[in-house]
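Before any questions on binding or motion, here is one chain by itself as structure tokens, the form predicted alone.
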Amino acid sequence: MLNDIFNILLPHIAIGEFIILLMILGIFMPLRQFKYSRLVSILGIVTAIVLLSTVQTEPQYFGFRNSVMSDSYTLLFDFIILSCGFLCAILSRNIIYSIKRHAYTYQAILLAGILGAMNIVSANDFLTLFVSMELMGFSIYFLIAAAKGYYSKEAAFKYLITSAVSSGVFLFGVSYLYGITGSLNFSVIYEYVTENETSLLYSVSSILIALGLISKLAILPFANWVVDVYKGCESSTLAYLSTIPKLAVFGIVCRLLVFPLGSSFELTFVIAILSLITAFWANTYAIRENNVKAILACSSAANSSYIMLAASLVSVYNLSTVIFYLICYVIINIAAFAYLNIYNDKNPMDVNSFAGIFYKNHGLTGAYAIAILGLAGIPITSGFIAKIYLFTAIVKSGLIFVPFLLTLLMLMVFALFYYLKILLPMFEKCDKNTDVPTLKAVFSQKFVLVSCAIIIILIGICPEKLIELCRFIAYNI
């Protein structure tokens, strides 16, 4: 047991201890010291990042009766999750100033969500996976509802209902798979399906499990929550919601597609078709929207569908594509929501309300424009390299998937329209009577936005080292 703890779980335990510390401080600390909650949370995340150096990756390590595992794949995802959590904790300044009395509780819930995401990536059986998913899910409900106002509570309730239904679908699929194989452990199930001929029931159970998991990615049929939740959510919480749950779910979905669910040929086509339908729905819906958060919600669903399409076409090259695209995507998303965090959620989020804002806020708005151009896949941004890498992966998957690629290309061209809808008003010259807000950002907010914008450009110009790392991770899964 001690070997398992020291070889796998020290970063997880560090996060757990800081959750307990934050809860204790929330009881005893005076109200006027609420601002220190963010520092405690950041310290906990940094401690966990440092302790990642203790995790055994070569060879793979299985602990706690094979219920959790560690290798270079889980280590990379843990590092990205913690890094995103670090940036989200920095951005949480606005919301903790609005909920002073509950600031320590908010940070504890944020860390609990990060812990759940790390456990999801490390899970090696469906029981551990389900418990970890629920830990992350309940954290998300409370984080969404933390902001004051009716819309945040409505958003949390909608997310709760959707997650409850998807969890039921997931458990239904797991129960079928357990009936077929007699085990919940990924390794045992993989051995069973490689040694025995798979049945239609195996394919049905695999599809149900995948559908239950991809609800967190806003892929149809569980995508209706995404627009309403994004509209009612505070910006720093959206930075969390659009990155950490997606990293965790994609991390485990890719592992499941490679191993226990990889023998279902039907699952590949179901996911590929659902991904294309989601991309069509998200891109056409966004064209009609004028709310910036709603447009970014549709962008989130669309990008998830692109990644899911590549992940469904299981191969080492495709897996490296998924990892690279995810890294680029989360950096771009954090930059986008960091700007909205500076702009302040109390201001109107209509695209026209940003008219002329560049001329009063050159640097911050320029960094935001880089993020939006990255989402659109414009050259010299990381988003462009990620999309080129994605197209190459789909082409290498076989001629049968070329129609999927052509459809995807057409939808990405449509997507340019709503990204321009966000960008163009910011660079319009307004008359003297137009009230253009002056953005007031503290150092921490500027740090997150500008550093992410720089990374977006650097990856766009020199992606080779990151691509090599992603290929190494994919080959060693």
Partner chain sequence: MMNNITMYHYLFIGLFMFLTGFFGSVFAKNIIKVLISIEFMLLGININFVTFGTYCDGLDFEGYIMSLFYIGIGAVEFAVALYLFYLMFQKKDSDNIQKYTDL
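These figures come from a predicted structure and were not determined experimentally. Positions refer to the first chain, counted from 1.
Only in words, not in the display: the form predicted in complex with the partner chain, which the text now covers.
| query | Is the gap between Asp228 and the partner chain in the predicted bound form 4.5 Å or less for some heavy atom pair? | reply | Close contact exists here: in the predicted bound form, Asp228 approaches the partner chain to within 4.5 Å, heavy atoms only.
| said: Check Ser315 for me: does it contact the partner chain in the predicted bound form (non-hydrogen atoms, 4.5 angstroms)? | reply: Ser315 lies outside the contact set for the partner chain.
| field | Non-hydrogen atom contact Phe86 with the partner chain in the predicted bound form at 4.5 angstroms | value | Phe86: no contact with the partner chain in the predicted bound form.
| query | in the predicted bound form, does Pro348 have a heavy atom within 4.5 Å of the partner chain? | reply | Pro348: no, not in contact with the partner chain in the predicted bound form.
| 108-116, 132-140, 270-278, 78-86: which one contacts the partner chain in the predicted bound form at 4.5 Å, heavy atom to heavy atom? | Comparing against the partner chain in the predicted bound form, the contact stretch is 132-140.
| message | Please tell me which of Thr198, Thr284, Ser72, Ser175 lies within 4.5 Å of the partner chain in the predicted bound form, judged by heavy atoms. | response | So the residue touching the partner chain in the predicted bound form, by this definition, is Ser175.
| said: Considering non-hydrogen atoms and a 4.5 Å limit, which listed residue (Leu171, Ala355, Ile99, Val258) is close to the partner chain in the predicted bound form? | reply: It is Leu171 that has a heavy atom within 4.5 Å of the partner.
| Relative to the partner chain in the predicted bound form, which residues of 140-157 have a heavy atom no more than 4.5 Å away? | Sequence-ordered list: Tyr141, Phe142, Ala145, Tyr150, Tyr151, Lys153, Glu154, Ala155, Ala156, Phe157.
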